[in-house]
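As a starting point, one isolated chain is supplied in structure tokens, in the form predicted alone.
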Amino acid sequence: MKSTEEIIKRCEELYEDLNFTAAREWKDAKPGRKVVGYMPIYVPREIIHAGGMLPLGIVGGGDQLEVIHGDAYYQSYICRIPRSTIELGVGGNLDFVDGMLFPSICDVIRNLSGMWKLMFPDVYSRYFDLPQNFNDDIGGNYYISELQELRQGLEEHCGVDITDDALRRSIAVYNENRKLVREVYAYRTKQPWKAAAADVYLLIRAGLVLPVEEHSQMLQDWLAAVDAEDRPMKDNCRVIVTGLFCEQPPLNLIKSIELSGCYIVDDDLLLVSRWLLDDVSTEGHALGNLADAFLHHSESTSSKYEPVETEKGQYLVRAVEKYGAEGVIFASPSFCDPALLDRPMLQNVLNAANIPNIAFKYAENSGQMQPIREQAGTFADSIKLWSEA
């Protein structure tokens, strides 16, 4: 049996590899294989998988990539992830990718999809829109139409056949993967001292670049190994970290929060792996089942439209209770419109519920973590003082 150390070491290698060697090797292993990249948040990876293709998560260049060419395409007051993604494209890091999907996150990603079409005309590029009406006969029908157009576009451009039967099989495969991801998160919530937040992040992030079957096996191996290893429990407070759903934080930021005296018991990192909260039905109309899952069984986040009557922000209050959290940390990328525009409203909801919270900003290439560590540490100390009072 592999140890957690061995598993996380493999995840670190994948995390640091901006040339996507694992995905390149997968493609080269068999003639005719295709790779379709996608930006963060949510895309129906089942449709890509059903065509025998590899879904490849692209989350920018992080703090390992120097952005030179990418700065020429965006203003200085735009978040960094589109600039580093352009850098990856111009630098040849993504020259093996046959398609790119840009889900409805914000106007910046919408613009990036248009740039990609102009810069890489031979690559299938699509802005994948999401419904803003959650009625089945309006938003549901619209979303089914979007899914069908995506399926047809991939079939025509990549020369594959995406049948309903194959799609139902792929839904089952991803149901299993999401179940395992939920188990990993549940384990961390229960025993966060044994499941470091940075390790869990690397473990989930590996699923962006590996075939889903291989990633599911990795999750099973980690769950089997983690119980056999003992780590000391510290007097840390339990926090939820939110706002990190698109541009990813440096790994050191996640580590710094825990080193400051906080156990992260929930977060909104890499939501594509946990966007759907329940298994998707494998019976009947496959695209209709995916649409139903998105409309009625999906995560709440700032990039997803929710009407006022859903009591915006209450999902955080419920999460605090569900996971036994003692406070919430808002960590948002600089210039992230969805996260930063929502934050005051979400903070008001938490304040009304007497839930401690703080906020700070970061960029994916942030280098200096000491101020963040000090701020999170002060927050943790204040929680301990308040709870004792």
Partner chain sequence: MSTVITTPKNRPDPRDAAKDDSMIKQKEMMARHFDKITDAPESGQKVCATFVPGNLNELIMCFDFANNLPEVNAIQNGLRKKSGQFVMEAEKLGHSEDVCTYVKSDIGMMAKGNLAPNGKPFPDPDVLLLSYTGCFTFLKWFELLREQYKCETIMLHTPYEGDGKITDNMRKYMVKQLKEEVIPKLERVSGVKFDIDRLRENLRRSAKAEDDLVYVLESAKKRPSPIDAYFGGIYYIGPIFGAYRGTEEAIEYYATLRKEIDARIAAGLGPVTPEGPMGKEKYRLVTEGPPNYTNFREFWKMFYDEGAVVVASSYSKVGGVYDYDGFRHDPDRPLETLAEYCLGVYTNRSLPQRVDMLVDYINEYEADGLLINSIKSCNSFSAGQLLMMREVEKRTGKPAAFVESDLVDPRYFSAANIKNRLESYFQMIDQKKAGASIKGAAA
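Residue numbers count along the first chain shown, from 1. Quick caveat: nothing in here was measured; it's all calculated off a predicted structure.
This protein has a second form, the form predicted in complex with its partner chain, left out of what is shown; the following refers to that one.
- Its partner chain is not shown here, but in the predicted complex it comes within 4.5 Å of a heavy atom of Arg110.
- Among residues of the shown chain, Gly57 is not one whose heavy atoms approach its partner chain to within 4.5 Å in the predicted complex.
- Proximity of Glu66 to its partner chain in the predicted complex: non-hydrogen atoms within 4.5 Å are absent; the residue sits far from the partner.
- Taking the partner from the other structure, its partner chain in the predicted complex has a heavy atom within 4.5 Å of a heavy atom of Leu340.
- Figure note: of the listed segments 162-170, 217-225, 143-151, 275-283, the one touching its partner chain in the predicted complex, with heavy atoms no more than 4.5 Å away, is 143-151.
- Though its partner chain is absent from this view, in the predicted complex it lies within 4.5 Å of a heavy atom of just one residue from Leu251, Cys237, Cys106, Val123, which is Cys106.
- Proximity to its partner chain in the predicted complex, defined as a heavy atom within 4.5 Å, holds among Gly99, Gly139, Gly91, Gly261 only for Gly139.
- Applying a 4.5 Å heavy atom cutoff to its partner chain in the predicted complex picks out Ala72, Tyr73, Tyr74, Gln75, Tyr77, Ile78 from 68-103, in order along the sequence.
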